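Consider the single chain below, provided in C-alpha cells and representing the form predicted on its own.
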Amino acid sequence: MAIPCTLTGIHPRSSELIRVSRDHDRARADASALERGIAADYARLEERQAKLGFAPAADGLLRWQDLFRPFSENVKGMRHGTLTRWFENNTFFRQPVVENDLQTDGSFISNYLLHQPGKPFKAVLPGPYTFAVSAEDRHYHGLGKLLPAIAEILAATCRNLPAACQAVQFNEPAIAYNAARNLLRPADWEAIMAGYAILLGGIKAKAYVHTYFGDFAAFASQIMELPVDGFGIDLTETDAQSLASLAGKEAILGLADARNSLVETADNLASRAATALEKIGSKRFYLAPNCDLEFLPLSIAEQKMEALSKAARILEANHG
C-alpha cells in the first residue's frame, strides 16, 4: 500500500517571490513579474510533491495573501479590514469585515487556483466556523446567521472548482483552538452543523475538515457528526493515546510541527503515526504537517516534507 502525504495550507514563498511581491505592492514591479515569480515557486512545489509522494497535489495557496483575502476582495457585502494576528503566531491576516448580505457566484476562485490542467489536485479553503469567528460582523449580528451565510459563499466557490479537484480541505483551526479553551457552546455546534449541511450539499469531491492549534480529543465526539470523508488531527497538540476510532473516516495525520524549525526524524514521525493509527483505525490516511508550513523558512519546510515522505515509506515497509 502506497501511503500518501499531503500539504495542509499556505506554503512559504521563496526569497525571490517575497521580493517581487513587495516590489509589486510598492508599484516597483508589474503584474507579469509577480506572475512569473508565482509560477516559478509553483513549479518547484509541484515537482517536490510529485517526487515525495504528496498526492493529490496542493498549490500552497501561493496566490493567496491570507486564508480569507480572496473572499474579502471579491464577495459582495464583505471587505478586508485591519491587520489581525493569526491566533498565537507571528503572522497576520486582513480581518474580513461583513457589512451587508453576502453574495457571490464563486467564479472568482479560478483566479487564485494553481494546478496542471486535467491533473488531480486538492483545494484548501477556510472552514466556515473559522471564517465566521475571524470576521468582524457588522450585519448579521450573531454566529447563527453569519455562519450559514459564509457557508453559502463557500458552497458557491466549491461549485466553481474544476472537475480535476479530487479533494477539498476546509481548515478549521478555530474549532480546535476554542474547544481547548472551553469557548465552544452548544449553540456554536448547532451553527457549525447547519453551516456544513449547506456547504457540503453540492460538493462532488471528497471533503475533509482539518483542525489544528488544539487537542482533537477535546471535540472529537461533536465533530464526528459532520458528514465529511475525513478529519485532520494536529498531533503536535493531541496525545495520540487519547484518540478514539474515527469510525471509518479518513485521517490527515498532522505530524510535522510547522511552528517549530526543528526537523523531525522520519523514524519519529513514523512511530507517532503508527500509534495514532492503532487508536483511530483509519484504513485511508495521509501524513502531513500539522498546519501551514508558511511559519517556516522554505528550506526547513522542504526538509519537513522530505521527512514525512521517508516516514511514509517506513510505514509501508513495516505494515505492508
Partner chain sequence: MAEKLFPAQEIGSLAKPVWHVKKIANRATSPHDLQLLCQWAGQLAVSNETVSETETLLAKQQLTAVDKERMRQLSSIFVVKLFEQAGLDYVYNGEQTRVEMYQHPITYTDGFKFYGEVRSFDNKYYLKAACVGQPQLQKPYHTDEFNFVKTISTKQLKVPITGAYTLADWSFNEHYLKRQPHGNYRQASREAKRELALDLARDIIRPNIKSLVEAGCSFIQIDEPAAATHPDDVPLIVESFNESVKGIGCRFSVHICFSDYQRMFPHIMEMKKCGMFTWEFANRDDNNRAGYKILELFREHNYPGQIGLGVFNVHNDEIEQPELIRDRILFAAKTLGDPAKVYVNPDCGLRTRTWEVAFAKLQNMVAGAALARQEFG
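Numbering follows the first chain given and starts at 1. Owing to the predicted nature of the structure, the values given are computational and were not obtained by experimental measurement.
Below: the form predicted in complex with its partner chain, not depicted.
- At least one heavy atom of Arg13 is located within 4.5 Å of its partner chain in the predicted bound form.
- Residue contact check for Phe87: one or more of its heavy atoms lie within 4.5 Å of its partner chain in the predicted bound form.
- Its partner chain in the predicted bound form comes within 4.5 Å of a heavy atom belonging to Thr91.
- Interface membership of Thr275, defined by any non-hydrogen atom within 4.5 Å of its partner chain in the predicted bound form, is ruled out.
- Of the residues Asn74, Thr236, Ser134, Gln222, just one reaches its partner chain in the predicted bound form with a heavy atom at 4.5 Å or closer; this is Thr236.
- For the candidate set Tyr208, Tyr177, Phe121, Tyr140, a heavy atom within 4.5 Å of its partner chain in the predicted bound form is found for exactly one residue, namely Tyr177.
- The stretch that touches its partner chain in the predicted bound form, counting heavy atoms within 4.5 Å, is 177-185, out of 177-185, 96-104, 200-208, 143-151.
- No residue of the trio Ala50, Phe231 and Arg284 has any heavy atom within 4.5 Å of its partner chain in the predicted bound form.
- Shown without its partner, the chain has Glu294, Phe295, Leu296, Pro297, Ser299, Ile300 in segment 292-310 as residues with a non-hydrogen atom within 4.5 angstroms of its partner chain in the predicted bound form.
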